[in-house]
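A single chain comes next, written as structure tokens; it is the form predicted on its own.
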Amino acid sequence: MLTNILALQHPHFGAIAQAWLLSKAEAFIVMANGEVLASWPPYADANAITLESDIWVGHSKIGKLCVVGLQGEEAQARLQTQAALIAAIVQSTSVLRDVTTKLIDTQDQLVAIYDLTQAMRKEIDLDKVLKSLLFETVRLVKLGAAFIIIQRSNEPWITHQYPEEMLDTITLKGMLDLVGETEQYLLLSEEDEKGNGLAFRNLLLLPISLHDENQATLGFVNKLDGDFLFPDIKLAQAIADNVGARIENALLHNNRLKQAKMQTEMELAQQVQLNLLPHEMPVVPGVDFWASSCPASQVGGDFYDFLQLDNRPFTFTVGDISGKGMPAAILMAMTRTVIRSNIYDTTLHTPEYIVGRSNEHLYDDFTEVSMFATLFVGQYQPTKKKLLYANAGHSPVVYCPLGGTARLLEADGTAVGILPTSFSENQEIVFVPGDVLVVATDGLSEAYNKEEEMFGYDRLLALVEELAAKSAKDIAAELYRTVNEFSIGTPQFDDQTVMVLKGVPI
């Protein structure tokens, strides 16, 4: 109670103190509960008190006035008179507070909030809301200026001041931290901030309640018609509560706009990526061919491609960029472009050359972002009934000869972007009618079920053997269906891509 009166009547307490100091007292001290609330001069020695008088309000002792350096009956009587006067002020303030609270609740507070609400009700843009808020607050509360600070987690600071920029960012941050520590309003006088270069006579800081990790502070600067009294503080708190709701609405609206924009951008990116993948399957003599991809998110890092050029073998590729989302999608587009440029080269190049040159072109970019890409490049020539390939860290690749056992074609080199030089070499397998080659990405073999079991290579090999008699399209469809049934009830954590080549009679 005494603390509030001291804050509201600080200049008057200061005048009393100055009178004592002019009377040759060494210090004047206000205490409560054994603690010093204020002293003139600052940091006076509370252990050297020579006079003291308790402040009683009714039957409660709320504090005491103390003097250092004077003694005598006359000085003691003077101190008791001042203590009684302060007690009367406290009691009167308490009664006045009860009356003004009712008045504020029924009139001023409602009128002010109504005006403030009307001024902001059509605004959802945060900057416009804050500018309107400060303008109306200065007008309603009769202030010299006002400011607001909002700190959002992982977001830039938002600060607005009206009618002009008075305080720098460091000062504003200090005020936000100060209010954040107490979680209560703070009333400061010019004397409290003397020497800090702040041009204000009085300053009221109020915390604004926001959800999540957001923090905000509303500052009222220089009450034009005097000091901030209890009714002003009640009105300011009501305004702060209303402002908090408005800011929450504006932040929510901004978040929805960002999410909608991000969703639109992701959808556009998905369309671009899907358009980069071939849609029509090629007609290749001696091969039944099918390929498709299913990203784990809207965009992913898996890709497949193929090219049929005159006087060139049918060339096909499957790749898997590490990671997911937009970064993987961007690198996927880069990798596909580089591979295509090497295939389109006027000179006939083998899979080993394509992988090696692609690694040279992409190594620096992948290293810069600490990512890599597994890559499988194959070529098929019907007349030779053989398939030439190079495997840079890619798995699973399953080869199942007609009537034989399915086996993995393991990589002999590291993924693209790991080392500046590729060590993948040309490998060759016989590929005749009935043979099956499945080039997939690890999103299939590493799919998990609810028991946290992985689909694994053994299931994949057995499944390819079981499906080998079907068409390429049906083999791919059954692979997807079986893996999805295995992992039902668990989210798809990685992109899934399947390319199937099956030898058929020419």
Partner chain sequence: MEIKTRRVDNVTILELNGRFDSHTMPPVRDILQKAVLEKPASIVVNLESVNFIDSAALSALVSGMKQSRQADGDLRLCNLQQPVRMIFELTRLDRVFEILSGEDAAIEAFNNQDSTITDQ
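No experiment lies behind these values; they were computed from the predicted model shown. Residue numbers count along the first chain shown, from 1.
FYI, the form predicted in complex with its partner chain isn't displayed, but the following is about it.
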Give a yes or no for residue 248: in the predicted complex, does one of its heavy atoms lie within 4.5 Å of a heavy atom belonging to its partner chain? no
Can you tell me if residue 81 lies within 4.5 angstroms of its partner chain in the predicted complex, counting non-hydrogen atoms only? no
Can you work out whether residue 372 and its partner chain are in contact in the predicted complex, taking contact to mean some heavy atom pair no more than 4.5 Å apart? yes
Can you tell me whether residue 165 touches its partner chain? I mean in the predicted complex, with a 4.5 angstroms heavy atom cut-off. no
Given the stretches 321-329, 89-97, 229-237, 142-150, which is the single one in contact with its partner chain in the predicted complex, using a heavy atom cutoff of 4.5 Å? 321-329
Taking a heavy atom within 4.5 Å as contact, would all three of 306, 378 and 455 count as contacting its partner chain in the predicted complex? no
Only one of 411, 129, 388, 406 has a non-hydrogen atom within 4.5 angstroms of its partner chain in the predicted complex; which is it? 411
Could you work out which of 478, 52, 466, 446 is the residue within 4.5 angstroms of its partner chain in the predicted complex, going by heavy atoms? 446
Out of 490-506, which residues reach within 4.5 Å of its partner chain in the predicted complex, heavy atoms considered? 493
